[in-house]
Structure formats: structure tokens, C-alpha cells
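First, one chain by itself in C-alpha cells, the form predicted on its own.
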């Protein structure tokens, strides 16, 4: 939904094939993390999510007793939003629909064949078999991705070695909106409130962790597990959803093969530690969307589409490594009790807590600076939101200029007769903003101009000390787009 919306926002005709008749009411993900909230803010849709979700300033790493503190992050989205994935999907589908995205439900792709100039797709649905042809295909079709298999892209990694269970249930023995996190040699339990009457119970019961994930979960399994681990079943009843999941960890060998791309779980699967999976998938989509649109519309330099794999594959690898570390810390043994105690103590140091918080929030993602663009420390960095004053004195936030999915050329404190927007033909895909900072920001001190990508990362920046700023800006613009 996010990728289709990004493409439609740029004026690209896009179609989603979805085998389900309607959005599933079950929600594997419950959290939207800070960077994803920033992306929603960039597109002007964050308020819709805030109406449905509950902001919480804390997160966790491996369920350690010391929480992560998102409130210290340099962002207006310095919290995680508790919101069921089903609600997130509905909101994104509504946004996609408002942009004219065609969504074909109960239609399943059964064959993907790539050709030099197109991709052919065979489908099955209520109307029978059908054939489609597209310039590009993106597999956002989960860990068992047909698109990935049809493209012959390997899915390398390890199979599950244990399973845990979850249940969305009622707990009459807990006060409304209570939370529990418990780890011991008897097992591990996390209980999180979804709403005043529904709780998510995550249970790692040593007596049941070798059960294959295909075996159905029962309410009695959850009840007896809570009794064994916590000595209390808290009046568990009314199961809304029960599921079993494992710690299989795999990553696609490449995220692009010709005209086929992979995003989300089709590109990487892992144990759902830290609530990162859906968030990283959405971030994949926003990275790919503007690049694919530019290629389809003939605006992309030759190297741009390959940068999707170059940028997102390392992010996926880092995601797998941090979830594997968290998984190791769920081992039920005396030595792990001691290690967890040590790690919890380290997280009480603000710098350590902030480092891990930025990792879970995806604020630590920085892309490699482009060697052929103007050189500056901001190159490849996430562009934190800036408070600006426009030439006419209007105060505004920098994220407001990204709602249409454009590049933003930000020109700061430009002297009379020195604007750079006149250096190339006008483009509906670049927004030129002349402004000054109303609040000091060390990263942006001494910056004369910067091109910020549609996904909110800095493509390049030019310092005020640059001896030939016009030449640098012209070189940077021609590097990133065709006019």
C-alpha cells in the first residue's frame, strides 16, 4: 500500500494484486516506530495515524527491564505509536485509494515472467485466469514470496530453532491498560494492552518452544503456559487471535533482478524482536517508490534504480543482526539471566540507551554519500525536521514541503542575486525553498544549499564556504535527475 501510494503520488499508474478479500483483522505488528512516523509526516498523513493510535515514549531491546527512551530523539516523532497493523493497513489503503491506486482483491499472481522490456504476470481470481503486463513488478508478498521464487532470487539464512506464541485475549485479572514483562529460567512473558479490554500476550514456554509453528495454538496452551511461567493465568479468556511464530532468519540475495524488486518480508524475515519488521518494510517502500517513479518517467540517472539494493540491503542485514542478538538474549539459562542484568545496567547510561533507541527507531540509518555529488557531512543523512522562516517571514516546518513526494532544494540565507533555482529548467518534481533557520541546528550550520530526497535523506549539500556554489549546485542537480 505504501509503495503504490508513493508511485501514484508521482503520477505513475500502479495496480496492487491482493489475494485476500479484505484486510485481515489480525495484527502481527502493533507499533509504528519514530522513523516510520516521520515518513508519514513527510507525506502529510501522520495525523490520521495519531487519531487511531496511542503514543508511548518507551520501547525495548530484548525485553530488558531497562526501557528504551525515545523521548530524547531529535524529532517531533520521538515516540512509538501503539496501533494494530490492521488499522495501519486500512489507513494506508484509504490513502492509496484517494490517490487513484487500483487494488484488485481476491486476485493472486501465479506466474511471473520477466522480459527485456516488460514483466508478464498470470493471475487467478473470481473472474478466472487473466494476464497482465507491467514495466516493473515489486514483490511485497511476504516471506514465502512467489515473486522472489519466480525471479530465482535466493533466500539465504537459517530456519527456526524455536517457536513462541502470541494471543490477543481478555485478562480479567489485570487492571485496564496494565503491562507485564517477565524473564526467568521458567520462561518469558510480555503482556501489552491493545485497548482497555484486549491484551497481547507473548509467551516463551520452555515446555512448548520446540513445537512447530504450523501447530495451532489453543487458549489452554496460553493458560497453562502463564501458570507455569508466572504462576497466574490472570483470568485469560475470549481469544481474538492465536498464533505461533519462529526465529527463522533469512535475507534475499539481492533486492533487484532486472525489472523485479523485493520489499518488506519478501526481502527479509526475522524473529519479531523490537517490533521492527513492518517498519523496515515501509521504509523499503519509500526508498524504492520515488526511484521507480523517476525511472518510469525517464527522469532517473542510470545508476538510481540500482541504489535501492545498495542502500536497503545493508539496512536489512543490520536488522537481521540486531534481531538475532535479541533472540540470543531470550535463551533461558542462568548465564543469560546474568547477561541480561548486565545489559539492563548498561542501558541506564543515557548515551548507551540513546544509541540502541536510534537503532530500533531507524534513526541510525545513513546511506553512503554519493561520491560524484558535492561533498558535505550531511550527504546520505536523515534530514531531521527544521524550523524555517521563508523570505516573506512565514514560519513553517521543513517536512511540509514533501507532501507531494518531491525533491526539495533548500537554500539557506542566500544573498541577493545568488538563488540557484534559475540554473536549470523548471521541474514539477523539485520544490525550491528559500529560507533561514529559526532554530540553530549544528548539522546545518554553514550550509548554503542542500538537495533533500523525497524519502527525507540528504542527497548532497553545499557549504557557504564553497568557492563556486553555483557550479556545485548545478553539478549536484544534474547528478540526481534528468531535466
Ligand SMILES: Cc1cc2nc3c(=O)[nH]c(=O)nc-3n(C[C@H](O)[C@H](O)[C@H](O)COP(=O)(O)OP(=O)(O)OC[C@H]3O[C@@H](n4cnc5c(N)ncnc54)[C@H](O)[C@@H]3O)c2cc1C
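What you see is a predicted model; the values in this text were computed from it and never measured. Residue numbers count along the first chain shown, from 1.
Keep in mind that the form predicted together with the ligand is missing from the display, and what follows is about it.
For the candidate spot formed by 19, 166 and 277, every residue has a non-hydrogen atom within 4.5 angstroms of the ligand in the model of the complex. Not displayed here, the ligand is kept clear of residue 300 by more than 4.5 Å at the level of heavy atoms in the model of the complex.
The ligand in the model of the complex comes within 4.5 Å of no heavy atom belonging to residue 221. Among residues of the shown chain, residue 31 is one whose heavy atoms approach the ligand to within 4.5 Å in the model of the complex. Contact annotation for residue 349: none of its heavy atoms lies within 4.5 Å of the ligand in the model of the complex. None of 264, 289, 225, 374 but one reaches within 4.5 angstroms of the ligand in the model of the complex through a heavy atom, and that residue is 264. Checked against the ligand in the model of the complex, the residues 370, 324, 141, 93 give one hit for a heavy atom within 4.5 Å, which is 141. Proximity to the ligand in the model of the complex, taken as heavy atoms within 4.5 Å, picks out 107-115 from the listed stretches 394-402, 107-115, 349-357, 332-340.
Contact annotation for 335-353: no residue has a non-hydrogen atom within 4.5 angstroms of the ligand in the model of the complex.
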